[in-house]
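The chain below stands alone and is given as structure tokens, in the form predicted on its own.
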Amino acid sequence: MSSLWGGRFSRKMATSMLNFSQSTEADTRLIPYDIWGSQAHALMLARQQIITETDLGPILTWLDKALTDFQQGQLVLDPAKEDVHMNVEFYLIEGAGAEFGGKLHTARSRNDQVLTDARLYSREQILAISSHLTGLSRTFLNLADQHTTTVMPGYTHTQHAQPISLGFWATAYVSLFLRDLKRLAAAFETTNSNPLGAGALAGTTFPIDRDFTTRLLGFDHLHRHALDVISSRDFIAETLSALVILMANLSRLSEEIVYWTSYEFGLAKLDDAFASGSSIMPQKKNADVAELMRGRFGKMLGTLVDLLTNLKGLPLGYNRDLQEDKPPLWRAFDTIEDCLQILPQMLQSMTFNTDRMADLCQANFSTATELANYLVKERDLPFRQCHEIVGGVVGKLSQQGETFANLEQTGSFLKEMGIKIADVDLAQILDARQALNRNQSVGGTSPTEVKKMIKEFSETLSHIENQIKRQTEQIQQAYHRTQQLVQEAINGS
């Protein structure tokens, strides 16, 4: 048998056509999922008496052999057989014979089969990436817990803004990653829906049981509408969207690492194991991991653009354009996983120059807002007037090359504007560490509030980790249940 679909054709497919259209390179990672889906489908066919138990035994025996060969590295996809589905089915027919193997494809199409494979694989990747992201978030929480009182300048417009703590900065990334985890959870829910049984686009006249395959494959629910099933790739678009947003966030983190580790900022130092040098400049120590991560955002964005450009002009039903849906998704999975595996290692090995952070807070008027707020609260002045007063003081100090560290000159300029504050009080108002303690609003920089956020975020992560564990166990239990039924059927029990 040269083809599984060639009855209507009088000539074999041209080699150039085959080379152009085959998808075995992208399909290789789907082999075990294609076998699992085929096992579930065969069990359902026999349960519904669409095929006999006599048919079922050889089918499952050779699917089981295919799985063993794959696990031992002996099942390699042949491009001449177009895709993973035809490779597995050829293996089955050649082993069991056409009188048995030829019955497996009853009541299904490659259209619903490819979606089943892709969803089975994608949901596991989403869970793996979510797990890596919780690990990265834990790394930031550990950093935050060590530095709730470590003062540093916060930045807006890449200029000194107000004093914050290193712990406050670290918890900001956890807050951000929790939203990424929500998006990934939503993508998992959309993905974990059973397409098997939709057929080519209209269902089937055979009395199939789609709920049975839903349970065997560990899906949460059934994707009901057959035409929508076959047409839909929005689960991939949703997954890619979540991954691209996550990558944008990792790129932003990478940008901070790049300039924090520069000589001019000097806020952090990379471990030598996670930096590179120059072939010509002996002094160089480059933040290559962060730079590469920042650079790979373009590749990630391209995956989403690739898919959406493909989808936007397609009518309902299967179109061969949809074969192009998997390569960008695979690239996105691989890129994100690489980033999330190396980031915690790099961060855990970094050292932070806390003395430099403290010095910068005192060097460039980062507590100006604290002084304005003091005047509002203690002198009962409108904030805009206080803003004008403090801005004037900053302007005069800057002209003289001074900062708030010169308390005498700062107090003198305030007196000129009708504001008298004793030096001892002024020192407390302008102290960066005191500023942390005063910002006690919900979500603010005070150590007490940061500790509350650390506790809250840790509890949220625990809930997410437990959910990932439950979902992973559900998939594993469904797989083991399928394999148990396969062995029982092979043994005739």
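The first residue of the shown sequence is 1; numbering continues from there. Note that the coordinates shown come from a computational prediction; the quantities given were computed from them, not determined experimentally.
Below, we turn to the form predicted together with ligand ARG, even though it does not appear here.
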Residue-level question: is W330 within 4.5 Å of ligand ARG in the predicted bound form, judged on heavy atoms? no
4.5 Å heavy atom contact, L240 to ligand ARG in the predicted bound form: no
Within 4.5 Å, heavy atoms only: does R183 come near ligand ARG in the predicted bound form? no
Is I389 close enough to ligand ARG in the predicted bound form to count, meaning some heavy atom within 4.5 Å? no
Among the candidates F265, Y318, F297, F274, the residue which, in the predicted bound form, approaches ligand ARG to within 4.5 Å (heavy atoms): Y318
Just give me the single entry in T204, N364, T214, N111 that has a non-hydrogen atom within 4.5 angstroms of ligand ARG in the predicted bound form. N111
Out of 402-410, 82-90, 374-382, 174-182, where are the residues with a heavy atom within 4.5 Å of ligand ARG in the predicted bound form? 82-90
Which residues from 308-335 come close to ligand ARG in the predicted bound form, meaning a heavy atom within 4.5 Å? Y318, R320, L322, Q323, K326
